[in-house]
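Shown below, as structure tokens, is a lone chain in the form predicted alone; questions about how it binds or moves come after it.
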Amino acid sequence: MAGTQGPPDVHTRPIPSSGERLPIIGLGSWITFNVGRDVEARLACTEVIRHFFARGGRLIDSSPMYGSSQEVIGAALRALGSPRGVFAADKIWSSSPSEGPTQAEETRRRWGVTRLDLLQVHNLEAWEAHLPRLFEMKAAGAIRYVGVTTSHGRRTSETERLVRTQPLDFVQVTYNIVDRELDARLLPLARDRGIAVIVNRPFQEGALLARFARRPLPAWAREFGAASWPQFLLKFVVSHAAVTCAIPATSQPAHVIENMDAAYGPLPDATQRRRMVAWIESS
């Protein structure tokens, strides 16, 4: 769903295949939005999405694998009056080739959108069967973009091969200040091939935040506008030239505001990125 681009000073990056720009911070929903029928938890998720949009966010990512997350997102969007500009990113997660189209339609219905913006093959599951169908759906206008996802650094070689050989719009991978293996090949390859990169697990599912929670933020982090550890870690990820968007997940409105603030102000340059890595490795 093309729409508003957020406040003019939010950092955005273009989707190489179209030129459409996305804010560099998105919103994940793994675990955090799987709240079932808990009324209070659903209201909290709605507030997360409200603040996400208010700070210029657009891309929300989910999957059929994520329990009730899709329904919770859909309910939140309805409660917020179906905000213009939401970029609906979801996935096909099935080992059965025949289930792909049905699952995609059910996902669209749960979100309550006219069409999904991006459909990705979740963790490369049966990609040989699903990708051709997704490309057909894109050609027919049923979706706007096609991608594949991986996580935890798994199946990197196979992902590289797909980036080299398939006309993908997006690839989603795990990357953060500790897990930097993709610096060597996959991220430069995606950039050279004109494929947008979504980064999952920028905090190692909270492990990095817990690791540094009791450590003071380096004073020099102010040079690139980081006022907290989440912003420090996110600014490292999104300052990589190949990265289009990072998708931290949270169920806390205060945390989504803090995360979105990483999309504003200066970003680390190459020298500062090296200093960040050196500091982390020595801590």
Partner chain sequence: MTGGWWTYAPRDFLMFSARTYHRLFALHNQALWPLPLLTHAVGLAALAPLARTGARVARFATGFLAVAWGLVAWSYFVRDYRTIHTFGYWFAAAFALEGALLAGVAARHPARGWRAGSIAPSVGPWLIAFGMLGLPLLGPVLGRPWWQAEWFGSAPDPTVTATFGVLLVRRSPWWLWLLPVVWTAYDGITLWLLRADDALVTPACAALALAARHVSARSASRTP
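Model, not experiment: these values are computed from the prediction. Residue numbers count along the first chain shown, from 1.
Below, we refer to the form predicted together with its partner chain, which is not included among the displayed structures.
For E205, a non-hydrogen atom is located within 4.5 Å of its partner chain in the predicted complex, even though that partner is not displayed. Remark: R185 does not count among the residues lining its partner chain in the predicted complex, judged by a heavy atom distance of 4.5 Å or less. Among heavy atoms of S98, none comes within 4.5 Å of its partner chain in the predicted complex. Contact annotation for P216: none of its heavy atoms lies within 4.5 Å of its partner chain in the predicted complex. Remark: of stretches 165 to 173, 135 to 143, 150 to 158, 76 to 84, the one touching its partner chain in the predicted complex is 150 to 158 (heavy atom within 4.5 Å).
Out of the listed residues S68, S239, Q231, T46, S68 is the one that sits within 4.5 Å of its partner chain in the predicted complex by at least one heavy atom. Contact check at 4.5 Å (heavy atoms) against its partner chain in the predicted complex: none of V10, E106 and D117 pass. Residues of 159 to 173 are not found to place any heavy atom within 4.5 Å of its partner chain in the predicted complex.
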